[in-house]
Every structure is written in C-alpha cells, then in structure tokens.
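Shown here is one chain on its own, the form predicted alone, set out as structure tokens.
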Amino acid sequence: MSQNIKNVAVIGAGAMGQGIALSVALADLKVTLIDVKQEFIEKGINNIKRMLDSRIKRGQLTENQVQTYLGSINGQTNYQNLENTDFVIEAALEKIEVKLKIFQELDNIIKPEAILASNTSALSISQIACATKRKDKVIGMHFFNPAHIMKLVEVIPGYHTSHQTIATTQSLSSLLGKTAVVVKECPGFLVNRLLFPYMNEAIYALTEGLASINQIDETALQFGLPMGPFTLMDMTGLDICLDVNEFLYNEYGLRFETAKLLKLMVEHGFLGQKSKAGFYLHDNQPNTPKQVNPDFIELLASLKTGNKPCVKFDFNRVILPMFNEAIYAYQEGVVELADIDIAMNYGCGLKRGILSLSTDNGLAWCLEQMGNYHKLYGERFRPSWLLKKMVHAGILNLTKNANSANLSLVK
C-alpha cells in the first residue's frame, strides 16, 4: 500500500520544475520549489502564475482558485524547513555530478521515510541512489515537457528501489493526473530510446536526397505523429539531440550511429529554435509559415553518402527503427508490451501506436522490411531476435495479442 503524500519538494525552477510544481499544486498538495538563486525562484513562480492565468481566460479556473494554488507554492533557495516533506522530485541540470550532490544533501535533511525521485531522462537511477543511505526510496520519475500538460510519467526503479516506493510513485502520478508506465532502468528509458532511432534515420534519408525536410515532416503527420522529426528536433534543440543520440550510441552501439549531418548542424551553430535556425528558420513571429533554413543546403552538399539502391522515400524506412527498438526494449524486459503504445501516445503524441505497423502489414512483413533495410544500410536495421522468434511462432500482429505475447514469448 502506498504512503500518503501531502508535501512535495521540487528541486529546480526551470521549465520542467515549473510544470511539475504546477501539476503538484493543481492536485491540492503543498509544494516547495527550490533553486540556487532567488531570481530563478521568482521567474519560475511568475511563469506558473502566467500558466494559471491562461486557464482563467479559458474559463477553466476562477481568480480565487488561482490564488489558492499559488498560495500552496513556497519558493526558497535552500533545503531548510523540509522536515515534513513526503516526496522530492529533482528537476535540476542533466549532469550526474549535480544530481549526486543534490541527493546526498537531501538524504541528510529530509525524514527517513521520504522518497527521492529524479526527473532525469537518461541518467542511472541506481547510481544516483548510491549517493544516499535510502537506496530503496530512490526512483526515476520522468515527466515530459510541458510537464503540466503531457500525461505520461515514466516510473523507473533503480536496482534497489522497493515495491513500496514504486507503488507510491505510481499513486502520486495518478494523483497528478498522469499515466504512469513502469520502465526498467536502461539507457534512454523507453520513449527517448524509441524516438531517437526514428529521428536519426530521418536525417539519414534527408542526407541521401530521398525526400525534402517538408516531405518527411508531412509524412510523419500523416502517420499519426503530432509533428515531424525535423520540427521536433528544432524544438528540442539539435545540440541536445546530438548529446542524447551520442549517449545512446555509446550504450547500444551501431543501431544508434549518429548521422553526420546532425553533427555538422551543431558544429555550425544551427541548434533549432534557440538559435533561430535549425532545419527551419525561426523568427519568433506568430503565424509565420515555416521556412527551411537555406544554409544547411551547403552542409548537405558536403556529405558524400554514396548511391543507395533506393529510388523514392518510404516512411517505413524512418518509422521501422522505432518499431524495432520497441521490440528490443520488450525483449530486454524494459517494458510490458501493452504499455509501449500507451507510453508513445502520452509521451510523444503518437495516436495510432507504433505496434500498429504489425496490425496494418503483419509482423512477418515488418521482419522482411527490416531485413531488406539491414542489407542496404547495415546495423541500424538489425532486427531484434525476438521479432524473428515471434514471426517463427506464427504471431501475426502485436496489438491484438499483447497479453498472450507477454506470457509466452519473453521466457
């Protein structure tokens, strides 16, 4: 049975911390928002107020309700007066040394039964837990940006995390109006691990001249994604995309080999929205049609990819690596098969579900296509052995047989 949560501390008043703190306040819980400078706290609370005010304009909240929610948020620049804190959500810089220091300090201050959660999108929960004397009460709680809107929370137990801690984190996620998916600790967890092979392959296809940026993005929308891969990378930041993909490449090997064009874009300062130019130009003017960044054409021309025996762009080339990585994750016991489409829906807005590829075309077709691309493009398309096993076992698709597949195929 999960413990009762009344007081929550959020470490970090940046964009993620703001969204998390707002979600906690909207759940009628007390929030302590902590950052290293008072100006960061003030900026964070002001942004939270703007987010709440926008709900007044939409008729979702009253002025009195907004004041009540704001009154439940206390900002401070230290760890004082946290003795009644039941749950901490750390949303500080994505650097392991920063998180280790925070967790070590908090471990010596908050009550022994309190849970410490990290919003990390990739770092090791088990390593972070080792900075504390409560390894069983340390867990990953990965929100998605914007945290007050996106419905998914990846709940990531570390090596020592207890079942009680998992249950309490799931209960809190539900209280915040989120859908929690438990994900076994692995590099990239689930959603980012599946997204990056897809985005990386889109860059490879672009580099080969098989389609334009606009064509690939438009095809992604037709498939059921809320935005195309290049729009998403520009929004995320190409430097961040490069860091994450290189991290996954170092952990998983050649399936994640980073496209050279992404490295060149970052080297030339084309970082996306933050630099006003990425794959697209960003002039911050509302209702302005997107324009492709003309300067990246020279970068594109500088790459010699060789002649591939492929005459036209097929979106399956880009989406199949995501599907294959989902099977790899299931193969490794990272996630239950039935949770994959839930996570991709609530975490990145993929409405139709990545497993629908097997429903639309058949699992054998997916394996055949992966095999063909593997011959053409190498290790980025090496099929999961479990995909082969399921085809050989006569499994026709995954969306209708998730439960039976869970029972019989990973053992």
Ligand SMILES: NC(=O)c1ccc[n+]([C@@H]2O[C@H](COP(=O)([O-])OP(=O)(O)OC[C@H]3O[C@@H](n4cnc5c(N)ncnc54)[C@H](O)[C@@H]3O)[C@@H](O)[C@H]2O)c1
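A residue's number is simply how far along the shown sequence it sits, counting from 1. Here the structure is a predicted model, which means the values were calculated and not measured.
Absent from the display: the form predicted together with the named molecule. The rest refers to it.
Within 4.5 Å of some heavy atom of the named molecule in the predicted complex lies at least one heavy atom of F143.
In the predicted complex, at least one heavy atom of V98 sits within 4.5 Å of the named molecule. The shortest heavy atom separation between T120 and the named molecule in the predicted complex is within 4.5 Å. With a 4.5 Å cutoff on heavy atoms, V24 does not count as touching the named molecule in the predicted complex; it lies far away. Listed stretches are 317-325, 112-120, 262-270, 241-249; the contact stretch with the named molecule in the predicted complex is 112-120, by a heavy atom cutoff of 4.5 Å.
Of the candidates V334, A91, A277, L176, A91 is the one whose heavy atoms come within 4.5 Å of the named molecule in the predicted complex; the others do not. Of the residues given (I102, I213, I139, L152), I102 alone sits with a heavy atom within 4.5 Å of the named molecule in the predicted complex. Here the marked residues I11, A15 and I34 all reach the named molecule in the predicted complex, each with a heavy atom within 4.5 angstroms.
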